[in-house]
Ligand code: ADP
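Only one chain is included here, represented as structure tokens and corresponding to the form predicted on its own.
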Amino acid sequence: MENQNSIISLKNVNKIYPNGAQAVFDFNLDIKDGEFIVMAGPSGCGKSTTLRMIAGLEEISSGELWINGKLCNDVAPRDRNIAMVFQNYALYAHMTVYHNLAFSLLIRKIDSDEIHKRVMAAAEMLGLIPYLNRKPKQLSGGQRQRVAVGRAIVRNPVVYLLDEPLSNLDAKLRASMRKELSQLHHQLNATFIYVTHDQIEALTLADRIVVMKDGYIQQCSSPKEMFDNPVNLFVAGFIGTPPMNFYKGIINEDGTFTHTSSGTVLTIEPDMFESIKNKGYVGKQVIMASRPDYVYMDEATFAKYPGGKFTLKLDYEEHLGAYNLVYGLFGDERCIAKVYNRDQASGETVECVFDMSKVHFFDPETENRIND
């Protein structure tokens, strides 16, 4: 039975196609009323398939889907009280914006006064009033996206399903629409399930992120928790821009980490080392990970993090206004440092330092994080 506190519950849901290919494995998730859930991951990870199973556009091979207290495995899409916003907008080209918004209500034979009331409320909320008599070809990409969202709003659904709705927009418009979607979620106080391969969208929009890989959930947590404490190498590398730095090395009995390719010895924070030692990793190969945000090259931090000093062989630098991305090699492994403009990198090498309280250690075989 479904979790009584959840508006949607997926229990051990699997998707297996007739040819035997399995797209989703043992998917378990409880979604609370009013949550903004983002399912993220690379192409082919199973996120859109899962969304389509919730919508009823894909059959569930095994497991249970509960929506608003009702088992919905065999319920037709139109009877699930959900609304979906697609990547390609799926607007009717021959209809005006008004009729695009009204169409789903017309075929449900809703009273005409109620239709007009809902359409005008959605149009006002989305800034579409001036465009109600236009056809989709007369609209910009952002305006078409608003119409697609408005068509979902007028239905007053239990859940909104959004499948990469911003992927056809340019970068500036995407940023603007992210803000609008977040505000809309708060206005409607509704449940959103949003699919994207863009981890920036995931971090900025979600109450919780569900990261998927090869049909399996890798981690489900708040954006902050996922950024600060990725459970495995995949999540660590997927979440965060620029991506996490990874270094092979060995854990020593004296509480240090020896980087294999450079021979540099770094001091592990005492509590972190105790956790690693208790799990039996002393003398073993591990992977140390550090976000570019916690790699520094200014004098003040050398004294602050004395156990984290290393030499970076410079490659190139990207100037991004308030900060620069410095690319180079630590030994023979890639290192990116996100530094402020006052921290100028010059010459062939530069002295840097890790904030060793912010690093993570992973088992190279299981790929799971080993420090608490």
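Because the structure is a prediction, the values reported are computed rather than measured. A residue's number is simply how far along the shown sequence it sits, counting from 1.
There is another form of this protein, the form predicted together with adenosine-5'-diphosphate, and it is not shown here; the text below is about that form.
Partner contact region in the predicted bound form: 45-53, out of 315-323, 61-69, 330-338, 45-53, criterion any non-hydrogen atom within 4.5 Å of adenosine-5'-diphosphate.
Though the partner is left out of this view, Met356 does not reach within 4.5 Å of adenosine-5'-diphosphate in the predicted bound form, counting heavy atoms only. Taking the partner from elsewhere, Ala23 is found to have a heavy atom lying within 4.5 Å of adenosine-5'-diphosphate in the predicted bound form.
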